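A single chain comes next, written as structure tokens; it is the form predicted alone.
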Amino acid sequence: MNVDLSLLAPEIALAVLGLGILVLGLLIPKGSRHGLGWVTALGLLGVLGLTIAGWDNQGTLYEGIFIVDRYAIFFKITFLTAAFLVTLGCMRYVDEMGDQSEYYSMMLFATLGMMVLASAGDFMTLYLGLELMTIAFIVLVCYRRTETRSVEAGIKYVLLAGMSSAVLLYGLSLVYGVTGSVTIYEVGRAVTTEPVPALILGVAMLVAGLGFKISAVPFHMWTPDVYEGAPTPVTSFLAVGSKAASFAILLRVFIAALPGLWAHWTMLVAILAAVTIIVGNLVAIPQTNIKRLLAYSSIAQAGYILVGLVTASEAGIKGVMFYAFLYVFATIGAFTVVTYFYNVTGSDEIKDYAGLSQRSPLMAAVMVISMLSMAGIPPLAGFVGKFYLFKTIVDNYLWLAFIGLIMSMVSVYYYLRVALVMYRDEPVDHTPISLSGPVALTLIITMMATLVLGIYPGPLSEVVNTAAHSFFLP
């Protein structure tokens, strides 16, 4: 069997980088590890360049268990972009925590898990990628091991992640039992429109297992506590990377492996999306902690992205991919502000953001732009993303589009509440907040991307069109 290892080049490079950072941490004395963040960031840029260079290098490995198409490559670019921005924005935070090499290597292994997940062509590769990502995140969530909240978040995450993985695995085994195959596209050919009870049960378990990973209601119970307790850069990466990876495999499993059952699961997904949008936005309103507010906001965002799965069409896949990419910039922009603000003040309470516009105009501007983009206000990127998603459902699911639009208006209230505190209230401490170079660079990149993708979405839209089209060409 001829194996084209060039298809695996980004994954191999990322695995070598992760192990290299771990070994460097053992060789470099403890007080001299401050440069590891830059090594990680530059390494990620290199892997990102390698992935982009392989845009036209498509194929499958090992008889279809590892798929490298433009759909997978686009998601890998999304994960690597997120990992680079999170690394760039958290260097000072990680230096203060210590144990830099372990932190950065775990981030790289989580990214590697996401990349394997995006290319998974069978259930075993899917589970391998999912567990690699999840176990790395479990270590990262409880990284501040001297803090009770961080350890508590880690325990909650490991228990609930284990339970959701078990449910997902049982669902996959039921699908395998009925179809006789673990390869996704072969399962798609074996599944008929006449459902078997065991297969319906398997699909329900897949919805529950993957619903946990994307924080869909009612599988969202872990999200606020874990987001609040975890180190803020980890929360940021969990919100964008883990969610995007879970959506990548959710689309692959439901649209490629279970198209014959579309009539049976589409209404379930529509209801799940509606409930997630409503609960996420309404429960965000009374929050006083910025990380909990962003946690419920991310639950609502998962509901919006789920809308793209409802129609199981190329347009729906395009909407999911477009939104997942621009969501990276808005979320990382907001969480980088939260990370740096916590570094300076030691607080995550919204009331302590009073007068931030006077202390750091750039931080306040990025926070407002990121939040308004998440709310879907034109001309920001979030508006274009929601337009692509809702455009796919207006013909058959107009009620869901109305729920999405109404709840987007509701979300403006709690996002602007934070803006009011930053711009209207007087600060208790008038000391200006000076930004370090990497943090300022991260904030400028995320702000500019959010503005440019909103005003001029054409080029990205064309790339996403190509990637979504490749999904249906196994």
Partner chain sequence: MLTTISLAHYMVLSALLFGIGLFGVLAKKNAIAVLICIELMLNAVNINLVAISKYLTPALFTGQLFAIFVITVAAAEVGVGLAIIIAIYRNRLSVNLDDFDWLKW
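Numbering follows the first chain given and starts at 1. Since we're looking at a predicted model, the values are computed, not measured.
The same protein also has a form predicted in complex with its partner chain, omitted here; what follows describes it.
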One stretch from 382-390, 341-349, 256-264, 219-227 that, in the predicted complex, holds residues within 4.5 Å of its partner chain by heavy atom: 219-227
Its partner chain contact at T146 in the predicted complex, heavy atom, 4.5 Å: yes
Contact of L400 with its partner chain in the predicted complex (heavy atom, 4.5 Å): no
4.5 Å heavy atom contact, Y93 and its partner chain in the predicted complex: no
E102 within 4.5 Å of its partner chain in the predicted complex, heavy atoms: no
Listed residue that, although its partner chain is not shown, lies within 4.5 Å of it in the predicted complex (heavy atoms), from A166, I200, L362, M97: A166
Sole residue of V196, A190, V151, A204 within 4.5 Å of its partner chain in the predicted complex, by heavy atom: V151
In the predicted complex, residues of 273-307 near its partner chain [heavy atom within 4.5 Å]: V283, R292, Y296
